[in-house]
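First comes one chain, alone, set out as structure tokens in the form predicted alone.
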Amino acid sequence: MQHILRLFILLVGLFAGTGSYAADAAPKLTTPDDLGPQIEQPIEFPHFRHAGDAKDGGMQINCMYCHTYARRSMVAGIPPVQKCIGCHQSIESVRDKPRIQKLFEYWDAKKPIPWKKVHDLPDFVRFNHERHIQRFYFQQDRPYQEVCGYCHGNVKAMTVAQRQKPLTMGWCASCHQKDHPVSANSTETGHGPNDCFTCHK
């Protein structure tokens, strides 16, 4: 009888713990159109102004101008304050804007801007930006907004970046199973790797 009672208590505790975890867990993204949590950033960076189309008042700056590591590293990287100031110290017309004033406050204080991650994967996942950028942007000659947007969504229409894609294992694996051209000038196609250790090291 004591064994049954202990088992009952153990199961009740297990279900209670699982329910508590599920309640605290972030909502799952299920479709490409779902938006992730809205993350408040120290400066409301207007992606639409920098990366947006010219017809919409954007400057069409290539994503990799600011996220310079994407083409040669695992991580895309966040630009240092110096890169932002490099442009904005010469643009007097927007110096009185609150977000620009805040930018110069960080610059004058010699402090980095404490940006928060938006597309944060679990620690056991290894995603390599360089491999994807080299394949789809440089080898296949696809537009950079299409290449970056496949995982990051339509950032050029956003102010503060927000997650738009599920970024789950099944979502990534479905892309790896597709036929992708090897290069822009080739009819040969290939799949992404399906070895567990490619993404989980």
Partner chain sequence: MSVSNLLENWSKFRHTHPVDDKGHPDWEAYPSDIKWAMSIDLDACTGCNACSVACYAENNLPVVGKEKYSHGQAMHWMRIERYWDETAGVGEFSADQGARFLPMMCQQCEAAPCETVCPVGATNHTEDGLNSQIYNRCIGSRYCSANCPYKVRYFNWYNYPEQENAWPSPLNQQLNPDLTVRTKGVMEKCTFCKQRTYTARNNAKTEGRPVQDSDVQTACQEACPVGAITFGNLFNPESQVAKQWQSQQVELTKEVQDKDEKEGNRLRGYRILEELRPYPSVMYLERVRESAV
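Because the structure is a prediction, the values reported are computed rather than measured. Numbering follows the first chain given and starts at 1.
This protein has a second form, the form predicted together with its partner chain, left out of what is shown; the following refers to that one.
(message) Checking a candidate spot here: are Met64, Asp141 and Ala184 all in contact with its partner chain in the model of the complex (at least one heavy atom each within 4.5 Å)?
(response) No residue of the spot touches its partner chain in the model of the complex.
(message) Even though the partner isn't displayed, in the model of the complex is Gln134 close enough to its partner chain, meaning a heavy atom within 4.5 Å?
(response) Judged by the heavy-atom cut-off of 4.5 Å, Gln134 is in contact with its partner chain in the model of the complex.
(request) Please check if Gln89 has a heavy atom lying within 4.5 Å of any heavy atom of its partner chain in the model of the complex. (result) Answer no; every heavy atom of Gln89 is more than 4.5 Å from its partner chain in the model of the complex.
(request) Look up in the model of the complex whether Asp123 has a non-hydrogen atom within 4.5 angstroms of its partner chain, and give yes or no. (result) Residue-level check for Asp123: yes, a contact with its partner chain.
(request) Find out whether any non-hydrogen atom of Ile78 is located within 4.5 angstroms of its partner chain in the model of the complex, and reply yes or no. (result) No, Ile78 is distant from the partner.
(message) The chain here is shown without its partner chain. Which stretch in 81 to 89, 126 to 134, 110 to 118, 97 to 105 comes within 4.5 angstroms of it in the model of the complex, by heavy atom distance?
(response) Looking at the other structure, the answer is 126 to 134.
(message) For a quick check, can you give me the residues of 167 to 201 that have a heavy atom within 4.5 Å of its partner chain in the model of the complex?
(response) Result: Asp195, Cys196, Phe197, Thr198, His200, Lys201.
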